[in-house]
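So this one's two forms of a single chain, laid out as C-alpha cells and tagged structure 1 and structure 2.
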Structure 1
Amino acid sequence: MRKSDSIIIIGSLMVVFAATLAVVYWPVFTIPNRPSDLWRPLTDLEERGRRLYIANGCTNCHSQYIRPQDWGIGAERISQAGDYYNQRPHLLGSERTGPDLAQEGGEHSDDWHIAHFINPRFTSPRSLMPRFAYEGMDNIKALVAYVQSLGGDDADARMEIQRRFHKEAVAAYERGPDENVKWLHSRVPKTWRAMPSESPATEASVARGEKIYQDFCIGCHGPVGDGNGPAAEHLYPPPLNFTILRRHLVDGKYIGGILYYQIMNGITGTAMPYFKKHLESAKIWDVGNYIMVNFINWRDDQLPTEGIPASYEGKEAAPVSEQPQPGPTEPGRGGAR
C-alpha cells in the first residue's frame, strides 16, 4: 500500500471515528439520562399502540416536541430531554403535516380518537390524515391508549378530568335529551347563560359561520345540525342535536352566550372538542350565529347587552329601542331580516 493510500483510508477513517466520538458518544456520556418530572413508563397496551404508531409511520406527519415558540398549540410545557427517557426509538419527528402530539394525552376524549382513527374527516373535515380503519378496532384502541398517554403525568391528570366528566355526561345523556341539555347548561357559568350573541347575526356573519361549521363541526353535528354526522355512530354521548335547544332558551330568549362558551371550551368528558386554539373570538360568535339562525331557528343578537358594541358593528348594534324584538327566523335564510 502506498503512503498516500493509507493516509486516505486510515486517516479519513480516523477522522470519522473522532467525529463519532465527539458528536455522538460524547453526548451519550454527558447528557444526563434521567426521566423528567412528568415521565412515566407505558403500560402494555400503550406500548402496543406505540409499536403501531411506528409501523404506520405516524412520525412522518407528527412531531413530538413542543418548542418555546409554539404558542399556537398552547406551549404550556416545553419538551425536555427527560421526557424521552427510555424511548426506543425516539419519535421526535421532523415535520408537522399534522399537529404536535407531545402533550396530546387528554386533549380529546377516547371516543373522539376512535372516530378520528376510523376516518379523520369525521371529526376534522379538512384533515389530511389517512384513515386507519384497516387496523381494526383492537389496534385502534391500542393507538388511542398510546396517544392518551402522551404527556406523561400531565396527560394522566387531563385524562382523570376526562373520565370524571365522561361519567357525568353519560349519566345526563341517559336521563333523556332535555335533562341532558339542562346538565350541559348547568356547566356554563351564570353570566354566560343570560347573554345574547355579542356579534350581530348579519348575513355576512352567518356566511362566515357556515364556512367554519363546514370546516370544523359538520362531521359530528351533521349538515342539518341534528347531531347525525358520520362520526355520530362512534360517539357516546353522541353529538348534540341543536334543534332541541329551542326548548331551552335561557329566560325564554338567550342562547348566544351558551353557544359561545361551549364552543370555546368544549364539553370535557365528551367528544365535543374545545375550539379556543383554532378559532378567534369573532369566529366563534359567527359559527354560533350560524347555528342559531339555521338550526335553532331563533336569534337573540338584537337583545340588549351590557357591553359596548364594536364600532364595525355600526347600525346593527344601534340602541335597543329602535330594534325589532327577537324572534324566530325563517329557516335557512341566514340573517335575513
Structure 2
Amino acid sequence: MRKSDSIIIIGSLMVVFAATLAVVYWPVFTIPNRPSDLWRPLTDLEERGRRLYIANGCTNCHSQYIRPQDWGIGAERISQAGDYYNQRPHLLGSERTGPDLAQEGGEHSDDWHIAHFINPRFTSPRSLMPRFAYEGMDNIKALVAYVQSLGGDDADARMEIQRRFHKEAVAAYERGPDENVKWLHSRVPKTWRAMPSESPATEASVARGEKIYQDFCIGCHGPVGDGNGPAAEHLYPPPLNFTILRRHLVDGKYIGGILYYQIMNGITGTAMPYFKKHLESAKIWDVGNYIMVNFINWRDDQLPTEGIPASYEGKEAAPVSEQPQPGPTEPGRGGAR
C-alpha cells in the first residue's frame, strides 16, 4: 500500500474513533448507573469538605480507587463503579504519592486527622504532605468530615466503633494514669499480656527500634516517650506516657507482648493507629524493645521463649540458661545492657 496524506488522515481518525468508543462510549453502555451497596449521599459538611479537597489539589497525590493488587490501608474491598455514583467530578485519581483514601473513613480517629491536617509530620513524621493549618479549624473539620465519609456505609460502621471506644478511652484517661493503663491492658488478650519479647533486646535491635520510633512514633509520644510530642495538644485522650509503664508489669514481667499487640492493632477510639500494614513483625518487636529499654527501663528477653530463633539472632538467641540474666537498665541509659 502506498502511503498518502489521505491514508494517514483516515487512519488517524479511525484510531481516535476506536479510542473514544472504548474509553468514553463503551463504559456508558456497559457500566450500570446505580449506587453500590455502601454508597450514601454526603452531608452538607462532607460536601463542603469535598470541595475543599478538590480546591487544595488533594487528587494530585491521593487516589480513591482500591485495585485488586492493592494491600495497604483500606484494601478490604475492591472499588466498584457504584461507589462513585453521582460524583461530579469523580476523584479516582492516578497518583499514589500518598495512601489511597477510597476506604479511609474510620481508619483513624477524628483528632488524628485534625493533627494530621494541621501538620502531617505531627502524626506521620516521614510524610511529604503539605500543612493545611492555613485553612483554619472550621475548614479542617469539614475536610475531616469528608475524609471520614470515604467508604460510605462501611466507613460509618468503622466510625461508630471509633466513637464507642473513644468514650471508654476518655473515661479511662480521666480516672488517672494508673487506671488508664489498666484499661489499656484489659483490651489486650490474656495470651499477649504474658508474652515476652520474641526478639532479644540486643544493641542492634534497639538501634533499629530507635529508627522506627523516629519514623512513626515520635510525633505523638515525643522524643523521650512521655506523650508530649507536637501532636499531643490536638489529641484527646493524649498519647500514652511510656515512663509510667514500669509500675504496671504483669505478674512482674510482661511488656513485650502487650506493646506488640497494641502497636500492631492500635488503640481503637484514640489517635493510636494500627501499624500491622506499615511494619513487618520484626520491626514491631524492635520498636517495642527500644521503648522498653529507653523509656520503661526494663527488658523482658530474660524470660523463656519457645521455638527456633531467627538465624540473624545468632548467639544472642541461645537458651536463657546459657545467657547472662539481664535486669532493668539504669534510669536514663539508652541501649541494651
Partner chain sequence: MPFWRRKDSAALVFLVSGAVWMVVGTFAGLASAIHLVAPDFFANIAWLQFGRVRAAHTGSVLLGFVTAMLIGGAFYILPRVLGTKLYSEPMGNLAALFFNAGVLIGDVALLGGLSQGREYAEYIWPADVLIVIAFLLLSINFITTIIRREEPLLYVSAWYFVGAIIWTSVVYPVGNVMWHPDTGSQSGIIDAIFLWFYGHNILGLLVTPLAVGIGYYMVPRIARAPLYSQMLGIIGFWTLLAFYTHIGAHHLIQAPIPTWLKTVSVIDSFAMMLPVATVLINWWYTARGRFSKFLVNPAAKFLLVGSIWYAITCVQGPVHSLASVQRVTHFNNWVVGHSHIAVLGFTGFIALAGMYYVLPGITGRRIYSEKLVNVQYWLVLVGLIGFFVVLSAAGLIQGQAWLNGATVYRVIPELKAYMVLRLVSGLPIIAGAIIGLYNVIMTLFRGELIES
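Residues are numbered by position in structure 1's sequence, first residue being 1. Here the rigid core means the biggest group of C-alpha atoms that line up within 1.5 Å when the two forms are laid on top of each other. Computed from a predicted model, the values in this text were never measured in an experiment.
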**Fill in**
The chain seen in the form predicted in complex with the partner chain is the one numbered 1
**Asked** Taking the rigid core as reference, does Ile31 move its C-alpha 2 Å or further between structures 1 and 2?
**Response** yes
**Request:** State the core-superposed CA shift for Phe17 between structures 1 and 2, in Å to one decimal.
**Result:** 8.1
